[in-house]
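So this first bit is one chain, no partners, the form predicted on its own, shown in structure tokens.
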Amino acid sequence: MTDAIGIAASVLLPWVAGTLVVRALWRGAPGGPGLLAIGYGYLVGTFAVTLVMRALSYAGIPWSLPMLAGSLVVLGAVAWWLARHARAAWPRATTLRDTLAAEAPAMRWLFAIALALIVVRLAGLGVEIAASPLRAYDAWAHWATKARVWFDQGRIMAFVPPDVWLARGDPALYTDTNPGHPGTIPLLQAWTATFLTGWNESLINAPWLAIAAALGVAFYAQLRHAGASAPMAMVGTWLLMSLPILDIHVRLAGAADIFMGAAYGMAAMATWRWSQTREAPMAWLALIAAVAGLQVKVEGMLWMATLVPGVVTALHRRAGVALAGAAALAFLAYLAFGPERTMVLGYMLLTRPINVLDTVLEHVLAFDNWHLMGYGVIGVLAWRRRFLFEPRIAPMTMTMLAAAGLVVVVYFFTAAAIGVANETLVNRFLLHLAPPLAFYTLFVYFEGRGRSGDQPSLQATKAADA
């Protein structure tokens, strides 16, 4: 019972504080964030948790439950005060009950069924997380090693490469299979363990279930903001949450990939919303999600860089196209004249491609990891190809083209192709892309339904009444 209370507190405390921070971003701005604050709140709250733990460690203050919990309570209280003073400026949003009441009975049933399927799936994943030890290799070789040491020591301890560890012989130094990984994931595990009666390799993985739920809420809220009806938005959310590879990474909790995908997806969705409405709070939300993603994995810098073409395109379409063209020409010039091997952010960049196309096609189109997502993306984009560079969609398209280019470079022109060929990387790297790609595909689909001529079928400024 004590551990159950501790787990609930470790999840809810940053979630509530982060939700209040997101609501406070709309201080003085029209429109309230609604479910958007809840969806993004957990990511924002957990990012705040890691900042607090880093600050205490660097200040030489040992971690303790009162210190950590108190810091989040103070953050939440300040954000609540700011949000409370802004609440009067928010127009009353239509309640979900009112929204569904306006729908046909069949659509209400569709909404309820999709929601029930998501809840049942998350409940099953929660039971499995609570009953399973750390099973995935990355979980216990890259991340939990640091979490256990930091939890035992009550502060961040240095992890160095094995050769440095052997040469120095310093008892204050530690090593594992990847000492260069950012500390966000092990900090979250150490945070969770602080709320328990002791180290527990199952319960420290509660954040993986929470980030999956938060991703689903944020995805639904952004679809509603984009103008999708509540039933269609819920069905779209179920399509994302039912992806087998996403569920696997929740079930085999402990690795960073689902956090990377959630941060990148939330940053992309907020960026795209800003590109359509120029809401300043949405821009801040995108920036916070992007910075959080940079702290999850080294690859975060690459993924967040793919947002730049979309932002530039939103500000000036020709400049965005020119930027994309310049990047493509620079890469072609490297292939033609660059050195045979160059190390870039941990990837060995090559000038000669490695053919792993068969492996990629098998995993995306033939195996069960992605259900029918590959076919759905191809079909929808082929159907809507004439409208992919319209003003409302062009920033999204440029982001996805940049992301697709990143995948091509990593899979075919780096030493990571070995990981693709032996099937250890092909799905993990694509998982980072899955949430924004799913949103982009659904947006393009909904945008094209019932379109007459060039008139958009969705209203970008329609308030979400989730």
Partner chain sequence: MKLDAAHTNEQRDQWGRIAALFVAAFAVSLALAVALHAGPRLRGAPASIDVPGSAMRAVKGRGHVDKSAFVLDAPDTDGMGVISAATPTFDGDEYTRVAWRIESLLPAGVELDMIWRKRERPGRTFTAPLTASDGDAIADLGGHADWSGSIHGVALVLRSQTPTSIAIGGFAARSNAWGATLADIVGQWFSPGRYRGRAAISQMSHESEHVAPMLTVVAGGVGLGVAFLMLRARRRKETVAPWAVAALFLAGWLVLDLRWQMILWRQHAAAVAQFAGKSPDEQYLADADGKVFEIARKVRDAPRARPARILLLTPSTGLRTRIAWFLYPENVYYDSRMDSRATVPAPEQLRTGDQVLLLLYGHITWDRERGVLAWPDGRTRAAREILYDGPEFSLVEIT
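No experiment lies behind these values; they were computed from the predicted model shown. Numbering follows the first chain given and starts at 1.
We do not show the form predicted together with the partner chain, though everything after this point is about it.
Proximity of E201, L243 and W383 to the partner chain in the predicted complex is complete: all three residues have a non-hydrogen atom within 4.5 angstroms. Looking at F367, you'd find a heavy atom of it within 4.5 angstroms of the partner chain in the predicted complex.
At a distance threshold of 4.5 angstroms between non-hydrogen atoms, V426 is in contact with the partner chain in the predicted complex. When contacts are judged by a 4.5 Å heavy atom cut-off, W165 counts as touching the partner chain in the predicted complex. Mapping the unseen interface onto this chain, W238 counts among the residues with a heavy atom inside 4.5 Å of the partner chain in the predicted complex. For the options G325, P391, P133, G180, the one in contact with the partner chain in the predicted complex, meaning a heavy atom within 4.5 Å, is P133. Listed residues R317, R155, R108, R148 were compared with the partner chain in the predicted complex; R148 is the one with a heavy atom within 4.5 Å. Per the 4.5 Å heavy atom criterion, the partner chain in the predicted complex is contacted by stretch 367 to 375, the sole one of 309 to 317, 367 to 375, 72 to 80, 255 to 263.
Contacts to the partner chain in the predicted complex (heavy atom within 4.5 Å) from stretch 247 to 272: D247, I248, R251, L252.
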